[in-house]
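You are given structure tokens for the same protein chain in two forms, set apart as structure 1 and structure 2.
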Structure 1
Amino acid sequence: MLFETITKTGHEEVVFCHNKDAGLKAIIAIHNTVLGPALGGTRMWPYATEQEALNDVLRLSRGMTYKAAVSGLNLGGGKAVIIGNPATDKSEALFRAFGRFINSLNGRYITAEDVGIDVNDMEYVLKETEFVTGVHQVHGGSGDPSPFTAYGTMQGLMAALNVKFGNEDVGKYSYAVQGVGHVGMEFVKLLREQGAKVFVTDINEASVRRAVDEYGCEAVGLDEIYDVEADIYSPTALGGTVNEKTLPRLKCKIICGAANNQLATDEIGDELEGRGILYAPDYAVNAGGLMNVSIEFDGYNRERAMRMMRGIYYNLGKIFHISKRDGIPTYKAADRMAEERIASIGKIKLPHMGNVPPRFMGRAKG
């Protein structure tokens, strides 16, 4: 059953990591390394079942392959999940044990932070392996990727506004932002700097209060966010919020946010097209964090990172062009753009088997 699932999703390798003493239960999924080593964050989440964790990591790692490909990066797709409550289950031993598993892959998978993980957690992982990005600046890293993901999301938003409304006046429109965690809060900050009307919701009440008190947003209930009269719906938390139950309630003209796997099914993407709602494909929009940490390989430079992220605007423009040209929904256009690049490079490269970027050469811990 497991191998059948991996065959269907096209994954190269799935590693189950267990250390009883440290309380570690984790899964690392390497989807594709044709373009380069698999880079993707580690997520810590209290999954209800191990199957749920597996489904999530397989879906997320595949998304990273497409994100890297459509962004023009020489990276493959991978992801990791740690099963546990990030509020109560973290420890030095847990993250160091996890770092040892990453190190055993010899550079085929390079990690970074994701939901439930912060820079401090990555410090422990770094003690056991060099195959970590997004670490603190004192280690030559770029730090928290959230501001960069938010900035890249803004570039994608402007491209979508230009296609839908013929302008890029962010402040002219209203936004329903679902999730104000690290990335969501940074995105809200950028929207409010432009004078936009912003509605917010989140399971964390403290984050909602901060968005209201510091940035002047309007709070709504977790379920009410789908009924808000807003021009743009921006999912910035977990995936699957655009589904058969929520879609009929959305009143937006554009869906553009930083969350991964925003569409519950492909059929939902088709339905969006039929309803005239412009969908800015998630993995093309939220690639700013990935772009930012990828620059660490050659020595981090913030100005270079910001320039690279402005390319998200043009990538979205290409996707919208392919969608119109080929008469297909935007989510299919993004996939087509990514798959064509992987196929063309795949003809001249063998799958990545450990030729790590220069930054990591000879530096892995034993």
Structure 2
Amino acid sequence: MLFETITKTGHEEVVFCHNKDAGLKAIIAIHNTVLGPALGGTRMWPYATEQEALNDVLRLSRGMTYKAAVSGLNLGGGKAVIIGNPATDKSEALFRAFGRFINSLNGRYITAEDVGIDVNDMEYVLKETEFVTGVHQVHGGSGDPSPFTAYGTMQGLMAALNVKFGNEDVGKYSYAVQGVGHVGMEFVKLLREQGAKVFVTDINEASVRRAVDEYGCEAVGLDEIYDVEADIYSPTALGGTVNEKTLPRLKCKIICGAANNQLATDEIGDELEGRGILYAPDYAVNAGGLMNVSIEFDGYNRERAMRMMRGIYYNLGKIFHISKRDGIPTYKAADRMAEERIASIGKIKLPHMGNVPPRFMGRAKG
């Protein structure tokens, strides 16, 4: 059953990590390492069942393969989940035990923060292994990726404007931004700097107030965001918000935002085009955070990060080109671009077998 599942999803390796004394139950899934070591965050979540945890890690690690591949990075896809409640089950021993499992993979998997994990937890992991990114800047980390993700989203937006309207005049259009958190707030700031009209919503009223007072956005209700007359809808909070209920309500011409898994189903993705809506595939648009941590390998450099973010514009351009060339929806074109890259590089190199990347050799350990 387990091997059948892994065969279907195409994973190279799935590691079950257990340490009774530390109370560790974790799964590391390495999906594909043809392009490079598998990089992806660790999520801590009180999964109701082990099967649920397994499904999540398999799905998320596969997603990382596609994100890295479409972004032109020399990275594979992986992810880890720790089964437990982040509010009550954390301890130094748990994260160090987990770090030892990561270390045993000798660089085939490199971790980072994800839901339920913070920079302090990663400091413990770093005590046992160097295969950690996104740690504090004093350890050579790159810090908060959100401003980069927002800047990358702007690049994706300009590519979409170009294809849809034949210009990249961000300020000429109106935007409905759902979620003004770490990424969203930075994104609306960039939009407003260009003079765009921006509608915002968020469950956090203080964030909405800040977007209105500091950046001059217009607040709308949580559900109202789907009905506003805006040229661009930017999901920047949750996944699955483009679904059969919301789609008939959307008046936009472009969907471009930073949230993961924006389309509820593939069928919704197929339907968008018929409605004249250009979808900028989420994992290509929001790759700024991943790009940013990838630079840590060579010694973090902000200038290089910003240059890399601008590549998102060209990546989106290629996706839109494939969509047109092959007559397929843009979400499928993104998958195709990722798969073609992995297939072609796979012909000239073997999967990453875990030699220690020299770039990690000199990094200080905590």
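Whichever C-alpha set is largest while still superposing within 1.5 Å between the two forms counts as the rigid core. All values reported here derive from a predicted model rather than from experimental measurement. For residue numbers, the reference is structure 1: its sequence is counted from 1.
Note that the form predicted alone is the one shown as structure 1, not structure 2.
Relative to the superposed rigid core, the position of the CA of residue 26 differs between structures 1 and 2 by 2 Å or more. Residue 53 is among the residues whose C-alpha shifts by 2 Å or more between structures 1 and 2 once the rigid core is aligned. Here residue 99 counts as shifted, since its C-alpha moves by at least 2 Å between structures 1 and 2 after the core is aligned. Core fit done between structures 1 and 2; CA of residue 89 shifted by 9.2 Å. Taking the core as the fixed frame between structures 1 and 2, we note the C-alpha of residue 126 moving 4.5 angstrom. Once the two forms are overlaid on the core, residue 10 shows a Cα shift of 4.0 Å between structures 1 and 2.
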